[in-house]
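Taking the form predicted on its own, here's one chain by itself in structure tokens.
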């Protein structure tokens, strides 16, 4: 522990702060549909999600090694200032998209920040672009499509099986099933996303010689990362829960169960293979597949378009911000202090803005009803629907 300087301690704390934002930003992944259908009360849903996110952090470290020894070349001279800059850009992007109620990818914000800061700090040779393509870019494109297709098929199958059943009994049964399926997503989310912070902290420790190259995350890193993401999850990212639960489609219990079952399968399989995918994109793809798989296929395409634009912007936007932060941080102590001040000021500003129209457990489902849009994006209205305007608040 003698290698842990003040700067390294600041980087570790900042990494855990990112993990906290990842938790409340991604609470919606497991909780949104269960809350929207009434399967779980809001506070109960986020409590279960928090506990299982913590448990999931202990199941695997393969995604952590993708970050600590995969995306970035540990031998290229990456140092704590670069990692601090990467985290600053990722946190600010997370908070901005949370403020707008947009379910963007915390994972891609972190990857983009790490790539941008590393390129500025040590050059192009500091990034393993083959790993970026195979472990990040390809899963980013494929995973929501796979989850959406699986969710669509599961929804169609479930409706076919239950078409002659009593609707009230069927809904009650699927609400019970959602308790299990949403819990599985929480476990999967902890397995995948908590590892990303483990990887960042491990990379920091390797960069200062506290751990050897290729080392796995120490136990204290696993515990602290799991605790940070669990605490963030418990706080509840209510704005994004509203967007995913009510902003995309009117999800029924059957659709919620089908979506969550498909999504958890995709996430757990990808975690086992070491893919650093975006759980947010997978869950959103699952919800869209369930919406299109219902008896009357429907989606609110205005929200879909906004989310897809945000997904495309996340990697480059976080990379640019972190690259600028890295340029400052490398100037010396004053540069690191300036980056830290900008991070605190930006975070505080966005939190204060959010208080103007607070969203919490008591009003998370308060979204105006709208007329379902047609199946094709071209049929979407030019002006936002009341729902798409409300969820962005």
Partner chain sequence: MHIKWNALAQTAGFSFGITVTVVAVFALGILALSRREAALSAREGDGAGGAAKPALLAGAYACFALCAAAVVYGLVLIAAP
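These figures come from a predicted structure and were not determined experimentally. Numbering follows the first chain given and starts at 1.
This next part talks about the form predicted together with the partner chain, which is not shown.
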item	value
Segment that reaches the partner chain in the model of the complex - one of 157-165, 200-208, 314-322, 109-117, heavy atoms within 4.5 Å	157-165
Heavy atom within 4.5 Å of the partner chain in the model of the complex - residue from 222, 187, 292, 136	187
Single option in 122, 308, 231, 149 placed near the partner chain in the model of the complex, where near means a heavy atom within 4.5 Å	149
4.5 angstroms heavy atom contact with the partner chain in the model of the complex for residue 297	no
Residue 174 within 4.5 Å of the partner chain in the model of the complex, heavy atoms	yes
Distance check, residue 97 to the partner chain in the model of the complex, heavy atom within 4.5 Å	no
Residue 301 within 4.5 Å of the partner chain in the model of the complex, heavy atoms	no
4.5 Å heavy atom contact with the partner chain in the model of the complex for all of 130, 258 and 273	yes
